[in-house]
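Okay, so here's just one chain, in structure tokens, the form predicted on its own.
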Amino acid sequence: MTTVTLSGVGAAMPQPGDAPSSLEWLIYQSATAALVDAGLTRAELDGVVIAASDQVDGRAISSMLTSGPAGAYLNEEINVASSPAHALVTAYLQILSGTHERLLVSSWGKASETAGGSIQAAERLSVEPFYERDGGLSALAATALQASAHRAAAPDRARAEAAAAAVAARNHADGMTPADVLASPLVAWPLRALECPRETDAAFSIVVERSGRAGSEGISLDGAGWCTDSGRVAERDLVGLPHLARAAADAYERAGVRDAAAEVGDWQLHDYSPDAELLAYAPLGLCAPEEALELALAGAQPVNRGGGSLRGEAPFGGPLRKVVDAVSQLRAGAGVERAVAQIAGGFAGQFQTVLVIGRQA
């Protein structure tokens, strides 16, 4: 049976005060870091899979400029433009199929190149042009609609708001309190500023390979599931997330997970808003739907330890950090043997991917 190993991870995340760097340099830094982490050179790869978005990168045929610094020169390269999660799944399937032995997956985003540091104007190009585009739909607007639907459906709206504030405060991971979240200004009803991620610059890379190379063992990708819902937000169940439940069921079946709540010790979940994280608990099997708010208020669940996307996330490629963080948590030990990473993309999580990641014996 083929086992897939995540043998190296790399990240490039400029900090405040750092000198400006090009997108190509960010990609090169993350790709190099992943190869060093895996103990490999670029010549030992037999392929590169990237997730480059012309729309978000602001470059026509973005992969022509970005595949080189990702290590694809004179090597096989595939660009999966829909989602960084789909790029990782593509690499996973290539190894399981026997067509490849070792691949580098990379994705990125660079908000600082946009006017005002936000890609919302570019996101609107994804919307149906005749009726929806002028309405201003964007990732933020769609997430706000989802949060509004979630809180309206809750038996106690005040507790739903308190749970969202508790999740946001925890995921900022900098001593923030729920009171700070609730005191921040409204951005898109009902979301406040501290319930929305700051758009940042970052690139992430992961070495994915068939198990067996000496020194490569440690972290395995045990299962993956993915599902896509309708592109029209008005046609979807934004609260129940049946497509996330389907993705989770497929991933758990492939990984042999029978009881996710008991077997998974680390959860790296999509939190473009705190409501998005809360809504993921039940479909992923972390708890029953009626228990999600109380679980968040109790603050004991092992979700997004070390901080979530709300502390800052690069557009489009930033969610690949969930896998990098899961690998870091598993390497740290502390009794954690299995992690789940959820990567969502599209408006209000249209694309859902669930990855089961484990510690190898």
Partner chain sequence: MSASVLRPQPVAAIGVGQTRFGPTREAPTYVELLHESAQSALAAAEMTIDDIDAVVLALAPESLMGVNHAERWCVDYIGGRLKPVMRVQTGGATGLSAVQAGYHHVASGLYDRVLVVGADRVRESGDAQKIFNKIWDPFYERDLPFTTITMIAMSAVRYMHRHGLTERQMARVSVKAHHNGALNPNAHIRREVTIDEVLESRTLAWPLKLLDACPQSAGGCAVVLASADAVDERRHVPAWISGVAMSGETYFIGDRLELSERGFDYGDAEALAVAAERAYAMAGITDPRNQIDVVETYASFTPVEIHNAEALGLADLGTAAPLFEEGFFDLDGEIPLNPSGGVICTNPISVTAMVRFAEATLQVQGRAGAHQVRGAQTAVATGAGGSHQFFNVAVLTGERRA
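Positions refer to the first chain, counted from 1. As the structure is a computational prediction, the values presented were derived from the model and not from experiment.
Form predicted together with the partner chain: not shown, discussed below.
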task: For the three residues 207, 220 and 258, verify that every one has a non-hydrogen atom within 4.5 Å of the partner chain in the predicted bound form; reply yes or no.
output: no
Students should find that, of 215, 155, 175, 98, the residue having a non-hydrogen atom no more than 4.5 angstroms from the partner chain in the predicted bound form is 98
Query - Touches the partner chain in the predicted bound form: residue 360 (any heavy atom, 4.5 Å) - result: no
Given that the partner is absent here, does residue 75 sit within 4.5 Å of the partner chain in the predicted bound form, heavy atoms only? yes
Considering non-hydrogen atoms and a 4.5 Å limit, does the partner chain approach residue 346 in the predicted bound form? yes
Does any part of residue 289 reach within 4.5 Å of the partner chain in the predicted bound form? Heavy atoms only, please. no
Note: the partner chain not shown here; in the predicted bound form, the stretch from 193 to 201, 264 to 272, 99 to 107, 279 to 287 having heavy atoms within 4.5 Å of it is 99 to 107
Within 78 to 105, the residues having any heavy atom within 4.5 Å of the partner chain in the predicted bound form are 78, 79, 80, 81, 82, 86, 89, 90, 92, 93, 94, 95, 96, 97, 98, 99, 100, 101
